[in-house]
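The structure tokens that follow cover one protein chain in two forms, given apart as structure 1 and structure 2.
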Structure 1
Amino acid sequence: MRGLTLSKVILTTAVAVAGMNGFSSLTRAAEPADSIKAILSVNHDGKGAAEAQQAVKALSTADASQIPAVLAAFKGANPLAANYLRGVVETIADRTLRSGGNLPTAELKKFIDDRGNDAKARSLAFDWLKQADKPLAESLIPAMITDPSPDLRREAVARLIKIGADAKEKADAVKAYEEAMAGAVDEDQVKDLVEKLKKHGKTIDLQKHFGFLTKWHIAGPFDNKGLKGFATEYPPEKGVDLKARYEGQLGEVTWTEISTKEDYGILDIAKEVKPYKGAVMYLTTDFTSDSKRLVELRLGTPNAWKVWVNGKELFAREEYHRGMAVDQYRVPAELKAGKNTILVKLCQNEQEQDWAQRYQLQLRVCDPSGTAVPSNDAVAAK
């Protein structure tokens, strides 16, 4: 099924590219389309690498007028294919500029303007437009504040931060910072804006801004002595029932409510519940989506974990105490319209060092750009 879908994407993209790309003759048009098709076929474990290598070599000899066509092929490309395509674009663009040639700046602008194009390809187009025609590239930045590309959005946020910093009137500064905050998704820019707005008496609800889930039910501890709990399927994994009672590591276990007011949504089990060692805790919460859609669950934790959405395991990672950060892990998830149940298994080991005592989780729901996707609690309440 996956192969069929991929084939459709390849064919659709290749045909679309060949049709709109301006390859001048019919003979020449078929060859680049074949090359692009070969690149889009690369996949896990080196599949298609030999064909892609030949395709890159062939495409890289094209002139700069073909760059928009290669950029168009990014749509639907997997991360590996995107890097092959990037290699083609950079080779052509670099060669062109170093030899005194021109890039098709009007076409690059048009490509960037169309938010329906691939976000990475638009970001790449912007990078080269900056080198070819910096004023034109910079003229596009103000419209990028809610761009699907986090890289382009970052440019727009940085511009507004500078406007705010340069403003002579407080009202102008606040206006710029608030506009920037509306688009900011990177933690460093958000933190900078929070501090700047704070100086002007404005506070930001960071939990809401990032989309952290802050209200959960928690059950545990279950046994993780000798690290055996990670692979053990305890009852909550067979179905979440908030009224259920379980036999736990230290006696009977029930679901209780837990919430956090920490700005970045950190649930601190060691502090708020108990500093369990060799333990498994389960956390669950409901998330209401307006529609069926793809989102990213972004987690941070120094503990081993598994995550399920509506009973489907999405990822499992058995690593302890190697650090924790906002957006440490990005897990694609498909939400259905209406109520979705998120379940997290969080495991603590038995290390005794001071730095190995954290038992924490932060989890947010966002789109690929990092913009928060809020649970529609109004719908949930009905």
Structure 2
Amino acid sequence: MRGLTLSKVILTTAVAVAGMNGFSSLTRAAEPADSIKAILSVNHDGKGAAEAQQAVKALSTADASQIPAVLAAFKGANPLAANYLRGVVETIADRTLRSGGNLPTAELKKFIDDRGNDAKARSLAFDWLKQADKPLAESLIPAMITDPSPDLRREAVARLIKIGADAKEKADAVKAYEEAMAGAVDEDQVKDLVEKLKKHGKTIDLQKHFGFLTKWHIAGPFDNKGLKGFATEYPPEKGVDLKARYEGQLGEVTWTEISTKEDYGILDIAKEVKPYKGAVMYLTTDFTSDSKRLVELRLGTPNAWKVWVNGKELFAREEYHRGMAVDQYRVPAELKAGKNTILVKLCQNEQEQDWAQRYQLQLRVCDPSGTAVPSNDAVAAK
């Protein structure tokens, strides 16, 4: 009887201890979720940063099994929170590999395969998968040629460039380069492929490849003396009417056509307008979309500018002579099905230095990966 009782006591104690351990495990399992929540709560202006930093410190001690959960939290995170999450992943992964541990490679592969996950998080997962299991990581690369993540797509393009360079036959090299070109979105890789294909007698339409808009209507100049024009609402901002006549800086102005054949879609406004110093010009074009969709307007200009789509102002930047580059600015935009009107306001100041004379614009429409989204001009013509 006593033995039975003792057995019961031992069993009860064991169950209790197991229950306590289970409770402790559950508590520890919940802690990463709480830390992630605290990190995601940080504001873009730094509000909540102290709590987030404490959460980062706590979460960074977690084991590698928590990496997928941290990666998943990137989706929808603001840039500051995403930076904190990146630091956590790198700390955990680095510590794990240095100590001879294993990363959850199967889960990382699954995360990378899901293109609905955050692009930067998928790229980060791939970087660590390469360190943990290089053959597995490399097996994923061929399918990345159309990946929404520019970083992952770059891996696939680089692979095809190498295949082309190693090819014994011209036809095999051209095939690899053309496949690479179809997925290339980074300017350096595109330029490299253009040169390689040119050597094989193939030419690339860069305007089409990148999706630059090359045909516009332009109106101006309006007055920007004393930099007053940027904030002034001139008539084109109230509605685009290509038949309208306006009172401009030097007299009556109307809309006229302007286009460019430059490979990267650069419109040289200074060649169209004299004098162009202290001037405001408006440029407009129509873009026809097959459906309602989200895109990015990517533009480059050394001038102050504003941009509207269908009458809605999307972004403005009053800065002069900062330089100019492809995809210098990225502006999210929502297109409606059918015709969409894009309007750009471009302001030139009165500086006379040689380096202050550029009055230019290049603008393209693409998806978030950088792949061109073409205007369906066939539909627009109907």
Partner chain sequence: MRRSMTLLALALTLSGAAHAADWLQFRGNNGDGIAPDSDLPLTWSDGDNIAWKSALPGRGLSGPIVVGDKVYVTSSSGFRQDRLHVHCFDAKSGKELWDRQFWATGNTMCHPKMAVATSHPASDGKRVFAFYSSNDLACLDLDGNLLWYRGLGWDNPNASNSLGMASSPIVVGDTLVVQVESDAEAFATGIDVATGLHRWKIQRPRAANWTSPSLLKGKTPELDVVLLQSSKGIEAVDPHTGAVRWTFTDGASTIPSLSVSGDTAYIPSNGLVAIKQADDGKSYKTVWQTAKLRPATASPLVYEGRIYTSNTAGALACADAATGDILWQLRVEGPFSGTPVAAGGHIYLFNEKGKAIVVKPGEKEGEIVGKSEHGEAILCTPAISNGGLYVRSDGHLWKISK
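Since the model is a prediction, treat every value here as computed from it, not as a measurement. For numbering, take structure 1's sequence and count from 1. For the two forms, the rigid core is made up of the largest set of C-alpha atoms that agree within 1.5 Å on superposition.
Legend: structure 2 corresponds to the form predicted alone, while structure 1 does not. After superposition on the rigid core, the Cα atom of Ile36 is displaced by 2 Å or more between structures 1 and 2.
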